[in-house]
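Below you'll find only one chain, the form predicted on its own, shown as structure tokens.
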């Protein structure tokens, strides 16, 4: 049941539209997905209704069990609320993505906006996905790993930790922690947690985050501030405070009237009774030209060491030849592939941030033998000519459950091979003379019944 305080606020805000709004909150939430442009599959997609503001996003007629779809595990798509995907259109109109950019997603978990940004960036751009809550890092890293890009870093840092990166990012996205009013029909628990006091706490917390975001933004850069709530304190009032205090100019990208999005001042509002999506707010700003010194790179990494040259030949054939990458080794023996053009940027991040992970983790050596990682199986760096085993849906699900089954006759005789479904890798298997071993990490295993 909605709080009477919330109802009164929304009645005052929406006026005669309130009954339609309240009725929409009682209706089922829509389900939408966004396809990964780096991973087109061979599967036959059912007819889907497009999300108007994102070219690779679609509504589903019902919510399937995504855990039982092998393409979900392969990173072919991301399940994301439709309203929040408007970030694509907002940035498309305000940022030149043909350039190489430094981009920060400051409140990134679980990774919806980071994967959206990753799909927009050039190969020479660098995406930093940051999450301050350590417990939320696992899903963030997993979702970016499934998306497959190497030109990114994941960080676990408080907003103030980015002080050493003042003026460094061309785009900063702040999908701020909020009171969650826009998710009431998706998350009934949010209704019970709501209170006027919580709204005030969230608005204050957002004002503690936003100064760091504004400081990290380069002159001429674009900041996107968003919430999944309706009240003005967390939305327009914070957006106006941000523009007034940090030399930011509000931007109003043009939108078709038929989309049902409400223009606000500044920003845009999304209401579930006006469009097919949940409650959402977004405001865009451009930083005024006021050049400041940029962070400089250190001469090397704190703990990463270049991979010994004697091991480099063993990696030939595992990665695509059209990516110029450098190989580094962590103290724990993991091999990282970093795009060569981004090494200076990674070194800047390494100098400023304590907890961070760079590029693509491709595996490790045991002696002179290379053991590929699960992340390499899902990476767009993967060499297209590596041995593959094509699995049907039932076999793919059994692979993802780490169950034993007979391999199809059309398979390599021995050695490392990719278990694939609809043309997309799911993970590694190693074929031996009389058996095969499944190298899917245990934490990625499907644990529910597939019958």
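This one's a predicted model, so the numbers in the text were calculated from it and none came from an experiment. Positions refer to the first chain, counted from 1.
Same protein, other form: the form predicted together with a small molecule, not shown, and the subject of what follows.
None of the heavy atoms of residue 359 is located within 4.5 Å of the small molecule in the model of the complex. Although the partner is absent here, residue 141 is not a contact residue: none of its heavy atoms lies within 4.5 angstroms of the small molecule in the model of the complex. Although the partner is absent here, residue 283 sits far enough away that none of its heavy atoms falls within 4.5 Å of the small molecule in the model of the complex. Interface membership of residue 111, defined by any non-hydrogen atom within 4.5 Å of the small molecule in the model of the complex, is confirmed. Of the residues given (176, 214, 338, 153), 176 alone sits with a heavy atom within 4.5 Å of the small molecule in the model of the complex.
The contact residue chosen from 288, 354, 205, 302 relative to the small molecule in the model of the complex is 205, the criterion being a non-hydrogen atom within 4.5 angstroms. Looking at 93-101, 328-336, 144-152, 125-133, the stretch with residues near the small molecule in the model of the complex, meaning non-hydrogen atoms within 4.5 angstroms, turns out to be 125-133.
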